[in-house]
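In the block that follows, a single chain appears as structure tokens, in the form predicted on its own.
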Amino acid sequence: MVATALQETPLAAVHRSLGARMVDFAGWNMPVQYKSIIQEHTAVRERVGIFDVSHMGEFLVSGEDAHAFVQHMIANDLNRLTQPNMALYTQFVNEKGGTVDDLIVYRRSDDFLLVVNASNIEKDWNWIQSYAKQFKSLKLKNISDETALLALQGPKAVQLLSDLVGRDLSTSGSFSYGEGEVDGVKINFGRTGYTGEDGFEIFCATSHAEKLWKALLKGGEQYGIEPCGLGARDTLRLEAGLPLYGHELDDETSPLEAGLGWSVKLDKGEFVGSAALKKLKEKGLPKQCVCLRSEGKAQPRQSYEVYSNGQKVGDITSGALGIHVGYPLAFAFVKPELAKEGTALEVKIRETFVPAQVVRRPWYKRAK
């Protein structure tokens, strides 16, 4: 068997110089933590943290048919982006109603920028290309290899980036998009993130990634900034009730089952997968994603079994100690009749049945 070398972001050497522990994530050599997951998680909740997410994929869609094409490919309604410099969370859905991927679509002045998950770049690229021939005036470009992406997250993130670009960004709304310059580096940024906190996801050319990273770290010193790895990214997104592809979403799980019905607009007209989703909604969902809060200190983990009255009724898809909220929490899929808030269940942790309760999503929500 031939070993395949892991891909690395433009910041891999910087991460190693900072003492990061590197791990294989979706074929990428990525920092899982620097000092500690708890310290990094706390920095984002209370101050500001910076993440390298350059392993994510970016596609550009342009041409006269760009709007019609993107609208046909996604489950959300692109018409909600009424003008340039706005963004939208959505999914690609397959013909069976399963989720090909979840993504963010940015409407820019002359094109649409699609940001997809690192593990799905090749799959997503092939997916959109397979439908492109139905549209005459359309140009697709995969800019993943030439694009670096940094996430600046936390209550001090807006002030920090405002300092560095030289203008007040606090008036830009959530899921907005803008351009600027930091230490001579041209950047684009969305007021988006994956932590439950305010902040930005910042794009630049890969050749400028190291300079931008260092400028953000230096500028953030006064705010107590911490470099953060994938470990904290996972605990943060979990507390905030945000799904992770390959856990709460996959090719066999619809966004409706994953609790993302708010982002599926079945009344917008036909789109890829819409017929299957309509049928699924009419027939009734076979499973539903719920948020669990378990008792004690034992942590529920992926693949642990969920029970009701001695019968197995589901499985954990993601679980951890809620670092900020202070108790163990988990996503799980169960039958819809067990998804009601307050339902008492049990998680089998090793050989012990630990009491758990269905609670409202999310576990953590920042104060506005």
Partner chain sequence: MLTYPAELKYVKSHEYVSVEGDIATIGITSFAADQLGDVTFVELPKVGKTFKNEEKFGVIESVKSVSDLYMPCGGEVTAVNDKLSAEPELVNSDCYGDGWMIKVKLSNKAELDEAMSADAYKEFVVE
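Positions refer to the first chain, counted from 1. On a predicted model such as this, the values are computed, not experimentally measured, just so you know.
Separately, the form predicted together with the partner chain exists; it is not shown, and the next lines address it.
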query	finding
The partner chain contact in the predicted bound form: Lys214, any heavy atom under 4.5 Å	no
Ser36, heavy atom within 4.5 angstroms of the partner chain in the predicted bound form	yes
4.5 angstroms heavy atom contact with the partner chain in the predicted bound form for Asp234	yes
4.5 angstroms heavy atom contact with the partner chain in the predicted bound form for Arg21	yes
Partner-facing stretch of 59 to 67, 46 to 54, 339 to 347, 298 to 306, counted where any non-hydrogen atom is within 4.5 angstroms of the partner chain in the predicted bound form	298 to 306
